[in-house]
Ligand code: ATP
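Quick setup: one chain, the form predicted alone, written in C-alpha cells, and binding and motion questions come after.
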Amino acid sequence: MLQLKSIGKSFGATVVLKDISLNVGRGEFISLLGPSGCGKTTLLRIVAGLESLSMGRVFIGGRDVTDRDASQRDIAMVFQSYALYPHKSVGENIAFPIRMHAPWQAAIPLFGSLTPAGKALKKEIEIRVPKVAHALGLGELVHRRPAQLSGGQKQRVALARALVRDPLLFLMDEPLSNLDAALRAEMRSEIMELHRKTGCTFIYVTHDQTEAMTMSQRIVLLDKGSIRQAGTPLELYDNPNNLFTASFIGSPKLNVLPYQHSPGVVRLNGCLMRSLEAHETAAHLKEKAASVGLRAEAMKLCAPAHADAIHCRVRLIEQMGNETVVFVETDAMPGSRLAVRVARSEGNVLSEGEVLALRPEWSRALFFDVGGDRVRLRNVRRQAFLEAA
C-alpha cells in the first residue's frame, strides 16, 4: 500500500530524515514512534504531500506520488489539533471533504444544487455522512457546533471527517495528545475498533509508547532522523537490536548497569557475580559486553547472601494497585535509580530507606557493547530460550 524508498529531508544544513525506507501493507496499523524532534511528523507530512522531500520516492497503491499534491494522493489526515470549522455543524464538518472533491458545477452559487452534479453530491452526503457519524457515535450530534462538543467528541468528528472519503491511507499525527488520560484510553479503543471495521491502512504518529504498544501491529522506532528498529510491539520489547530501542520501549525505563566479564570473573554494577548461570551466560556472549539491560520485572528480591546479590537502598515506592514499583539506589551508582517491579504483597512490607538485596534474572538480561549495539549469545538454543523467557 505504501512504499518509501530512501527518503531524505534537510532544512538547509540541518538533516531531519536520513535514508528512510519502509513498506506498509494494505490494512496494516503502523505507528511511527520516537522522541520529540526525531522526524516522525516530518515523515508523515512527506507521505501526505504536505512537505517536499530532498531525496527518495513515495509510492501509494503502487503509484509514484512523489511529485503529486496532497489532493491527488487519496489520503486523509487527522491532525494534533482538531482543526474543525467552528461555524459549521458536525454534519457539515464531516461532509466538507466530499464537497471539496465534488465536480465544480456543484459549487456554483444558488444554481449548483440544481445541476446533475449538485444532485449527486447531495445524495452522496445524505448517505455517507449519517453512516460515518453513526459508526463513531455522533449520530445525535450532527446538528451541533464544535463549541458544544467535548474534547473526545471533537476528536471523533475529526476522525469521521477523514474517514468519510474512504481513503487509501489514513494518517494520524498525535491525535490524542490534547485529551486527558481517561479520554485517551477510550479513544485508543475506538481507533482500534475503527481500524478493525474499515480495514483501512493506518499510519499513526506518537511519542507515547503506550499508544504505540497497545494499538499497532508494527512499530517503526525513529531517532535523529533514522529508523532504529521496526517490528511488532513485543519484538521491540523482548528483542531490541540496540540500547536506544531497549531504553525507549517499556515502563518503567530499562535499568542499565555496567558489566565486566573475563574468564572466571563477572561483575555487574561493580558487584561480583558468583552464580553458575552468570558465568555460563558470560561464556556464551559473542562479543565483549559493556552493559546489561534489565527490565523492572527482571530484577528480583533476594537474600543478602545470594551469589548474585546487589545491595541497595529503597528511595521511592509507587503503589500501582495490582503491583508495586520500587526505586532503589546502589552504592556503586549513587544518585541513579533502578526500578524493580514486585507483587503488591511484597511491596506492602517495604519502606523508604530500607536496605535490601536484588539479583538479576539472567534469562531476561539484554547485553550491549560500548556503542550500544546488542550483543547476542553464541549458543543458538540458549539465545532462543533467553529471548523467549
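Throughout, we count residues from 1 along the sequence that is shown. Because the structure is a prediction, the values reported are computed rather than measured.
Omitted here: the form predicted in complex with this ligand. The next part is about that form.
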item: Contact label in the predicted bound form: Thr41 to this ligand, heavy atom within 4.5 Å; value: yes
item: Contact test in the predicted bound form: Leu377 vs this ligand, heavy atoms, 4.5 Å; value: no
item: Distance check, Gly37 to this ligand in the predicted bound form, heavy atom within 4.5 Å; value: yes
item: is_contact(Val24, this ligand) in the predicted bound form, heavy atom dist at most 4.5 Å; value: no
item: Heavy atom within 4.5 Å of this ligand in the predicted bound form - the one residue of Asp308, Glu174, Asp238, Glu211 that qualifies; value: Glu174
item: Location of this ligand contact in the predicted bound form, chosen stretch of 29 to 37, 316 to 324, 355 to 363, 57 to 65 [non-hydrogen atom, 4.5 Å]; value: 29 to 37
item: Residues of 1 to 22 having any heavy atom within 4.5 Å of this ligand in the predicted bound form, listed in sequence order; value: Phe11, Val16
